[in-house]
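So this first bit is one chain, no partners, the form predicted on its own, shown in structure tokens.
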Amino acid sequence: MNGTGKELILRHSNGTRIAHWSVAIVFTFLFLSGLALFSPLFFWLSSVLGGGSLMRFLHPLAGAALVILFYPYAATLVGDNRWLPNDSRWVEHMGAYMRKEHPDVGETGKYNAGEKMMFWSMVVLIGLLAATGVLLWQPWFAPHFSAGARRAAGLVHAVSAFIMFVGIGIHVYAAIWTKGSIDAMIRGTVTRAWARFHHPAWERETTAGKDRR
């Protein structure tokens, strides 16, 4: 097979794409229902989430679903998200990269430093949200903890949710900004030229043994 720039190569398997979009759907519900529970200003959202009682019942269950969906999925991505020396160079030139100047940051693997930071922050934040969510889960677990513990858990839960929302916002913006990224998560494939430009080390590894030109 000739290594033409338009040749398609697999970036995300069917399983990876299903897991990614499942996590995205559950996160969207959690974010909207969490907003409704957090402030009366957003309680109107409960009307589109099945009503207040159903939303309160489903929110912690959706949180448990997020943990079940995310961590097995994340376990398959750990190897590609190890921090490498070139990643620190990417961070140093992040401003130039965001201005589309594409500075020389070395060979980028399957994920760049920005994607890796997003990945590891989600690993930590979802863990914090799950742990604090248990302390707040009425009526099953919350009564077993003191009021002070529940207040502290509520604060950590809210701050973690806000940081996660900002991170997801940046993730979505970056996916739109990097043309081809969303298509890759929908179709699963990217062109060889796209891979060679954005992730040259990964493209070389993926297409090893093929005629490259």
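No experiment lies behind these values; they were computed from the predicted model shown. Position 1 is the first residue in the sequence shown; the rest follow in order.
Below, we refer to the form predicted in complex with protoporphyrin IX containing FE, which is not included among the displayed structures.
Using a 4.5 angstroms heavy atom cutoff to protoporphyrin IX containing FE in the predicted complex, none of 38, 138 and 150 count as contacting. Partner proximity in the predicted complex, defined as non-hydrogen atoms within 4.5 angstroms of protoporphyrin IX containing FE, places exactly one of 152-160, 57-65, 167-175, 43-51 at the interface: 167-175. Contact check for residue 24: a non-hydrogen atom falls within 4.5 Å of protoporphyrin IX containing FE in the predicted complex. The closest non-hydrogen atom of residue 89 lies beyond 4.5 Å of protoporphyrin IX containing FE in the predicted complex. With a 4.5 Å cutoff on heavy atoms, residue 126 counts as touching protoporphyrin IX containing FE in the predicted complex. Among residues of the shown chain, residue 77 is one whose heavy atoms approach protoporphyrin IX containing FE to within 4.5 Å in the predicted complex.
Proximity to protoporphyrin IX containing FE in the predicted complex, defined as a heavy atom within 4.5 Å, holds among 118, 84, 94, 130 only for 118.
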